[in-house]
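The chain below stands alone and is given in structure tokens; this is the form predicted on its own.
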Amino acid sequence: MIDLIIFLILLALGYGFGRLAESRHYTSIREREKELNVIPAIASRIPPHGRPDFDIHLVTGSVVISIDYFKRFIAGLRNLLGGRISAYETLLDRARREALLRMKAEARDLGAEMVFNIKLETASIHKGRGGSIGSVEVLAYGTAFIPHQTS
């Protein structure tokens, strides 16, 4: 009986704190996306023509995000039934957006006008019990185009 009570408490705590953390993170992401929208991030491998006056610099943004206990439990149930696992979708969405924001922030700090050839790499860095996803890392990288400084 005590095991069931502990399980339900962990489930409730995971739901409450997980929802709060996710909500705060999405609010932060939306605010920073508005701020950093002045720096275009383009996936094309072809740089802009006619603008040879740029220095180029590799910029990166990396993030590791863990899934909460409640979502892990719900995802386990969903694995039994099949279908979309929205708990993992929001985890990866937040990780990708955060990694891109960190990459753009680095580009902004260097004075870049744009970032080209954006790539995203994703890795599961921690496996929970039974090989379930525990934490994911997302790395965003690209080439920042920084205008030459004229003095």
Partner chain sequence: MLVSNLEIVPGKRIQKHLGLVQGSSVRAKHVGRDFMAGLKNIFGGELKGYTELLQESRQEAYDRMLQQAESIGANAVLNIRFSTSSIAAGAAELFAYGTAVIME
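Predicted model, so just to flag it, every value in this text is computed and none were measured. Numbering follows the first chain given and starts at 1.
The protein also exists as the form predicted in complex with the partner chain; that form is not presented, and the subsequent description refers to it.
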**Request:** May I ask whether 48, 56 and 135 all come within 4.5 angstroms of the partner chain in the predicted bound form, judged by heavy atoms?
**Result:** yes
**Prompt:** Just one of 29, 36, 64, 85 has a heavy atom within 4.5 Å of the partner chain in the predicted bound form. Which one?
**Reply:** 64
**Message:** Please determine whether residue 123 contacts the partner chain in the predicted bound form, using a 4.5 Å cut-off between heavy atoms.
**Reply:** yes
**Item:** is_contact(residue 60, the partner chain) in the predicted bound form, heavy atom dist at most 4.5 Å
**Value:** yes
**Request:** Would you check, heavy atoms only and a 4.5 Å threshold, whether residue 90 touches the partner chain in the predicted bound form?
**Result:** no
**Request:** Output the sequence-ordered list of residues from 3-20 with at least one heavy atom within 4.5 Å of the partner chain in the predicted bound form.
**Result:** 10, 13, 14, 17, 18
